[in-house]
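Only one chain is given next, in structure tokens, and it is the form predicted on its own.
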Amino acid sequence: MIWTAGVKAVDSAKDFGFETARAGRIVVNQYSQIPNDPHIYVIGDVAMYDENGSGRGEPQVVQGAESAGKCAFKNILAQINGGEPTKFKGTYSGFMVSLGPSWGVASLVNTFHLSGFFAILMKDLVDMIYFIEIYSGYYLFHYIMNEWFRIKRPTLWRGNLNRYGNVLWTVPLRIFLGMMWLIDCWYKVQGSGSWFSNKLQLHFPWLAQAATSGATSKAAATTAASGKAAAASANAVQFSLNYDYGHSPMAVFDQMPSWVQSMTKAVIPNKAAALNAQKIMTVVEILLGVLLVIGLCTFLAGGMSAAFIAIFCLSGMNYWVNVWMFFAAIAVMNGSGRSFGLDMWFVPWLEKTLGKARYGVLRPIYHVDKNGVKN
């Protein structure tokens, strides 16, 4: 592939009456000023600063324009404050050319020469850094989505991240995961094991200690005997990815890591807080299950499901046989709700609404009536 495109100044540059050079660019001095008028600055592609006398000037790229802009800014301040002007010094970290959405070339600091995947990756990173520098998380998010996910043509990732790909095949997994949440909560909303009763279901160590602080020595002895029995039973627990007959499932963690215990104790310090927490957890689990089944807010529901499962594992409340739910929750975040679910209508409406809320609705400042008169 041979690229023969050229770069020149805008056509209106000649209308200012200044001296121009190659490609219609306006000649400037080492301070980015018009030679015969130091109060006029010209920067960017339209400026011609030819330090070496080659006739080519500085490269017409963003990095040169940014360097000239900083030079002009410093010199304007110097003029106002009576200081010494600063000479233009172009800073160029590298050059990149995108030849389509999935191939390009790049030269970094005149040392590293890249092509293909790594060149396009660098181009994407540079664009992302730009959005970070202008503090625009909104555009950063949409850039990633548009360049990697919301695109049907070949991309940097060869279509593997394309949200229009085989997301339909995760719909059964999404519905199954949602049903798992609902089935799990079925036993938490009824009977003696209901999490909406005043019976404590979260058996954290500090809550158990508080509940047994006034127990008699006989009760303590009974507890010790129960502990021995539990230890003996624990010896029969083995690692397994399914419920083998005659064996108990193995917990991901036998007890909370110390840092998790400190955080949990701060949020749930006593029985009253624990009773409220178990009710809220049950309601959230039911909500997650419903959202996943109907395909509404699937990305959010999948992410929260993964977070909940991780919390349950760290809290000693989950088993290895259920760890698959964590990976399933991540998998259903790929847009399966838009392929078959309410997100097919909800997500476009949400994007349109949020866009209007951020930028408002574009309206013309005048209109032309049927007689051609501007009002």
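All values derive from a computational prediction rather than experimental measurement. Numbers for residues come from their place in the sequence shown, where the first is 1.
Another form exists, predicted in complex with a small molecule; not displayed. Remarks below refer to it.
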Please identify, from 315-323, 33-41, 59-67, 338-346, the stretch that has a heavy atom within 4.5 Å of the small molecule in the model of the complex. 59-67
Taking 4.5 angstroms as the cut-off for heavy atoms, does T353 touch the small molecule in the model of the complex? no
Please tell me whether any heavy atom belonging to V10 falls inside 4.5 Å of a heavy atom of the small molecule, as the geometry stands in the model of the complex. yes
